[in-house]
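A single chain comes next, written as structure tokens; it is the form predicted alone.
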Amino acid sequence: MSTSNDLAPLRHTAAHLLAHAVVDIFGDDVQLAIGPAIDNGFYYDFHKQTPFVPEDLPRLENRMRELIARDLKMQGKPISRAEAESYYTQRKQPFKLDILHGIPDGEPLTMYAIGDFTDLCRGGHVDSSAAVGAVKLLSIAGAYWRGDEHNPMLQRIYGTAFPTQAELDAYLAHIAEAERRDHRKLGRELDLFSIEEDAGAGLIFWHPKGGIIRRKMEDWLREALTRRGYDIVFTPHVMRRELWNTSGHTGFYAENMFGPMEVEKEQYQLKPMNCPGHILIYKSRRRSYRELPVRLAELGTVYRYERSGVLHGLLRVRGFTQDDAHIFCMPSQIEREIEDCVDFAWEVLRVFGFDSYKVELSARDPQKPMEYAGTDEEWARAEGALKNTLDRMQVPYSYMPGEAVFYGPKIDVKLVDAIGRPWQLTTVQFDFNLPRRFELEYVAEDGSLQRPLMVHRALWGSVERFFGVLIEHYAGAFPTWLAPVQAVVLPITDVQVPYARTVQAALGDAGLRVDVDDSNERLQKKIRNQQLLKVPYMLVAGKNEVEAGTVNVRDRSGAQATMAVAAFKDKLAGEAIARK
């Protein structure tokens, strides 16, 4: 399949064909805005007195196919600013005029024509409509002009295009699979979490089943943190605003923070990050080189004001828990600490069932050193430590100049899920800014006061985001060790219910999570219900099983076997311990 970069000219041309089709069908009722290619397709924004409805999409799509079949040539020609102004003024196109007025004087202007449609455009197209191949219009959404809520609301039609129908069909199948795995849909169906409007957007309520999974995730992480020499800490959710002034958050991060609150004539602020709290713990007493590195870890809940338009289930929220850690160390220790962070990331991937990943090393833009905190020497040392560690560990990575945060370079690990989508989760970041702002020190071996290096480290990014990724990766069918219900006993009739309860108790005594379905449904309906709930094992108990002290075991794949209760208990416990 072609890459998105290869497809950009094709999709840009498809956007022109969409606008062509809209004008053909709806004529003067439409004002045109903008139509770029995007990662997975294209869109075009329109203002229409009578709004588009979903039933319009097939009509527009058919018209686009007619235009593609005509093999229309894409032709561009220079145009003067006055000519362009006259062209769009006559056609009463205010958004096009707004675009024109935003182009600096002296910049060349080009009008591109395809068939009967002409548009002001910088270029980047295929030669003819026939090269567009296959198109599909996907959805209609609202979009403020220029992304400003004070501007008019437009309608955005999204679509995608590929050179061949086969490639388009494969992409649409991928989209359908992604929709089947959507964590918001599965979260409701499996009763894992909800977002309650009475409480507010972007705030997550963990239901009992989701809470079980979260507890298992966090239990594993705390054990791993302890094993790797981290100290687990807890810091307040709200702190004095002066602290955030010192950290710089009220300056460079203010728009993402909730507003201050007044307590006894002092201002306090909900924390958007955990790092200042960990710094205060480090700074609470004089530190010696003998106790470095200090590794402080916290499952710390933070609050950020995300605009409603970007909120998205568990993946973009306003209150979330970061698996945060901050490492304070000497320069001689830094590469060892970075290596342990990367190794920790590999352990997370293995334990939670991911076998593919991508790594990026984000460095500062060498042409703009003034935009970054820290000296040239500090940046060279930090970038060198990250690069040396990845090279020594033989980790393939992409070098990304200009992608560092202003306070230091970083390593990002993007895991790849079951259907090939990358997710940005793990990050290991240097920070030159906060140690300097908070005047952090340690007593070196020669008795002098030195400034420690500081590293931010998150593995999941946040509990919420990682949980959302897990739901989609497994399509809700969690491995046995994470499944909120690991097995359910299905008595065939009411006569077997007492035996089912006995089996449940025997497995429960071993720490296993087992339910009994004693409803009046027929057996096949019970099995179907549990399949929809994605329970790993269904244990059918009928007359024969009661007499023999066994259960008929059915797993999610449909495989069946009759087993003694004790044997099944050992099997299930083994999977839970092995995290399968």
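Start at 1 and count along the sequence shown; that's the residue number. Since this is a predicted model, take the numbers as computed values, not measurements.
The following text describes the form predicted in complex with the RNA, which does not appear among the structures shown.
Residues in which of 507 to 515, 65 to 73, 526 to 534, 22 to 30 have heavy atoms within 4.5 Å of the RNA in the model of the complex? Residues of 526 to 534 come within 4.5 Å of the partner.
In the model of the complex, does every one of Arg122, Ala143 and Gly147 come within 4.5 Å of the RNA, counting any heavy atom? The answer is yes; Arg122, Ala143 and Gly147 each reach the RNA.
Which residue, His174, Arg180, Arg350, Arg188, is the contact with the RNA in the model of the complex, using a 4.5 Å heavy atom cutoff? If I apply the 4.5 Å criterion carefully, the residue I get is Arg188.
Among Pro331, Gly309, Gly211, Gly384, which has any heavy atom within 4.5 Å of the RNA in the model of the complex? Of the candidates Pro331, Gly309, Gly211, Gly384, Gly309 is the one lying within 4.5 Å of the RNA in the model of the complex.
Taking the RNA as it sits in the model of the complex, is Arg59 near enough to touch it, meaning that at least one heavy atom pair lies within 4.5 angstroms? Close contact is absent here: in the model of the complex, Arg59 is far from the RNA, nothing within 4.5 Å, heavy atoms only.
Gly313: touches the RNA in the model of the complex, heavy atom cutoff 4.5 angstroms: Answer yes; at least one heavy atom of Gly313 falls within 4.5 Å of the RNA in the model of the complex.
Applying a 4.5 Å heavy atom distance criterion, does Phe438 contact the RNA in the model of the complex? Phe438: no contact with the RNA in the model of the complex.
Residue contact check: Arg184 to the RNA in the model of the complex, 4.5 Å heavy atom: Arg184 belongs to the contact set for the RNA.
Heavy atom within 4.5 Å of the RNA in the model of the complex - qualifying residues of 100 to 127: If the 4.5 Å heavy-atom criterion is applied to the RNA in the model of the complex, 100 to 127 yields Ile103, Glu107, Pro108, Leu109, Thr110, Leu120, Cys121, Arg122.
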